[in-house]
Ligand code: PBG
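In the block that follows, a single chain appears as structure tokens, in the form predicted on its own.
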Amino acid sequence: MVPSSSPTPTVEVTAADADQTEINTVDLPLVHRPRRLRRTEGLRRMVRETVLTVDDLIYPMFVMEGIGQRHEVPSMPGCHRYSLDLLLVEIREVVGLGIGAIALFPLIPDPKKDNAGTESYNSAGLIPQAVRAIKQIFPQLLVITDVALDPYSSAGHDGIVQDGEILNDETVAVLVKQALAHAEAGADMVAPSDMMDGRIGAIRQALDAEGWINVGILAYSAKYASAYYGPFRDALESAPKFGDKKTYQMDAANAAEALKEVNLDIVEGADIVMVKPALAYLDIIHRIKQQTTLPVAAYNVSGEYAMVKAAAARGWIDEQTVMLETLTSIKRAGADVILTYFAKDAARILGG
């Protein structure tokens, strides 16, 4: 085919000086056409900068006492609390979808809660029992356990309370016991989510001293005092009974402080650092990724999940498209792994 002899299209660019008295016109040849690389799906895939895969996903799961129990969380459509027998059934589906890691969170009945969180380090408690059962049937599945007192606290706080104050060092001592109980049960990683000062170093030292040198620490390094956690607290019935968590979780307005927290956790022995929540803190994820060579995790939290579900239920958005766009944005910001309640839905689309 003979090339067209029509003139090259031009773009007219005009610029005015400050007093708007002179106008210059410059003709530029349209040499660069970025749309060339968007023309087909094959081209778009070939030059795609960020690729989301099933390997990026960690699925948070809620376990409860009892037998044959499966209760949907009202504020988190599609998410359930499972008794251990049904949790194992659900995990079989999770593994079948190619998801390689789960994060466990317990629903503890009120009679077992106290201010000191003593049930949190019960070696025969709900989480150690669940970890043992999971690892027996699914030995290759990466099991991450939450280390914090709020599910076990009668006050609903992440630490021991005295005269309205959340005690730091006394709480860290309990968190160490909790982490050791989880390691002994077979947890691959413990994930301190409490934001007490010094807990990463204390847990690392204790794990090593007891011979659990291969048990990793996924540190909630930059966990903000966020309003996005509401549905999660519904799921575990762990909302604080008084006040808020702003004396230990981070101020939403702060960014440099997140870098400080991350640096401290790295020095203390964290294997992975995490930002929570994700969507309102993409800039924090990006900053941290620029600073560290450690893997960076992000938690696509319950409120972020619930908003998408609610809008989709009303027909306002396309749930699948928004879900994938959201998860891709988190990875694009710098997250290496993403904890998300969308993990199963995403895995069905992405393939194992």
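Note that the coordinates shown come from a computational prediction; the quantities given were computed from them, not determined experimentally. We number the residues from 1 along the sequence you see.
Beyond what is shown, the protein has a form predicted in complex with the named molecule; the following relates to that form.
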- request: May I ask you to state whether residue 152 is within 4.5 Å of the named molecule in the predicted complex, using heavy atom distances?
  value: no
query: So, in the predicted complex, is residue 80 in contact with the named molecule at a 4.5 angstroms heavy atom limit?
result: no
- prompt: Could you tell me if residue 146 has a non-hydrogen atom within 4.5 Å of the named molecule in the predicted complex?
  reply: yes
Contact flag, residue 158 vs the named molecule in the predicted complex, heavy atom cut 4.5 Å: yes
task: Among 36 to 44, 49 to 57, 317 to 325, 299 to 307, mark the stretch whose residues have heavy atoms within 4.5 Å of the named molecule in the predicted complex.
output: 299 to 307
- request: Could you list the residues in 203 to 233 that come within 4.5 Å of the named molecule in the predicted complex, counting only heavy atoms and keeping sequence order?
  value: 220, 223, 228, 229, 232, 233
